[in-house]
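Shown here is one chain on its own, the form predicted on its own, set out as structure tokens.
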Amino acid sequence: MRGHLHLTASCYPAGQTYLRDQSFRAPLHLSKPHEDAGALVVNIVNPTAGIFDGDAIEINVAAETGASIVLTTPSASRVYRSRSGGPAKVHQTFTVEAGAFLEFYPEPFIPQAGARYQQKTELRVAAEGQLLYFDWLSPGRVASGEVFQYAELLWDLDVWMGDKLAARERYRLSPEDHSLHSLRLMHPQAHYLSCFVLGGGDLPVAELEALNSPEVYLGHGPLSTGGFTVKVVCHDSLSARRTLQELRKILYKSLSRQVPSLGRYM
């Protein structure tokens, strides 16, 4: 399956954000957006069972000057066992112009036993633009006894602030080598959270450090171009969700913004 989602968020003279351009193809579509706290909240929906090997999905989202948009998913994303030996692929680009705001807040990504998956992400933020980007990687279908039984995950991410590369991450995770060792060091069924904050205020060190606990191991650091990144290893899905809820509140406070409701339990 070849799917895509192309969105451009723009701003009326009165300050209200709207979708100036939208195009999507299965397996993705959009639910009806709603406004909250000055942002347009858009749910990206995949009504199929999930992503399969051979699937290729392209996502391009742009926030134009003055726009404020929150992208989220109403449920977890799943990638299934590869039957062909090949991967499922997702290539996503989020672009934020000066004076615009974009948040990407997905539900957990669940790679099932035998899954092969490649994700390439580009974050491009202009000076005076603001972006919040979250990732939540689960160890698999824990309730079914599948813990880190996927075949291979390839994760590429580039972060650009203006024309300067702010961060680059490349990692390959597979139970066939030692790549999962550090992830499982603290918790055998670890959930991994990652966040990038660009165009924001000061790093809220005290608030972030306060999230650490026996169930949560959190680190953070500044980017050379401004902004910062936060990485968290959590004991299980419950501690991951609690941490993500608190982390989102802290980061919105650091951006001097109200937290938009996602229209569900958090």
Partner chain sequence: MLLEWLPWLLQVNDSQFPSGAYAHSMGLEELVQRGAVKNPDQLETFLQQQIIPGLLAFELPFLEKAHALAASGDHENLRLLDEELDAWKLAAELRQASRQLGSRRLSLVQKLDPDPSLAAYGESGAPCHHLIACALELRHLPVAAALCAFSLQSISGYAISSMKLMRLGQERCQLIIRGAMISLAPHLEGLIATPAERIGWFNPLLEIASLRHARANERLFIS
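As the structure is a computational prediction, the values presented were derived from the model and not from experiment. Residue numbers count along the first chain shown, from 1.
Only in words, not in the display: the form predicted together with the partner chain, which the text now covers.
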- Item | Residue contact check: Pro214 to the partner chain in the predicted bound form, 4.5 Å heavy atom | yes
- Message: I'd like to know whether Glu209 contacts the partner chain in the predicted bound form, with contact meaning heavy atoms within 4.5 angstroms.
- Response: yes
- Task: Evaluate Phe109 for contact with the partner chain in the predicted bound form, applying a 4.5 angstroms cut-off between non-hydrogen atoms, and reply yes or no.
- Result: no
- Item | Proximity of Val232 to the partner chain in the predicted bound form, heavy atoms at 4.5 Å | yes
- Message: So if I measure heavy atom distances to the partner chain in the predicted bound form, which of the stretches 77 to 85, 95 to 103, 125 to 133, 160 to 168 falls within 4.5 Å?
- Response: 160 to 168
- in the predicted bound form, the residue from Gly38, Gly201, Pro222, Gly54 that sits within 4.5 Å of the partner chain by heavy atoms: Pro222
- Three-residue site Tyr18, Phe24 and Leu71 fully in contact with the partner chain in the predicted bound form at 4.5 Å by heavy atom: no
- Query: Which residues within 168 to 198 place at least one heavy atom within 4.5 Å of the partner chain in the predicted bound form?
  - Reply: Arg168, Glu169, Arg170, Tyr171, Arg172, Leu173, His178, Ser179, His181, Ser182, Leu183, Leu185, Met186, Tyr192, Phe196
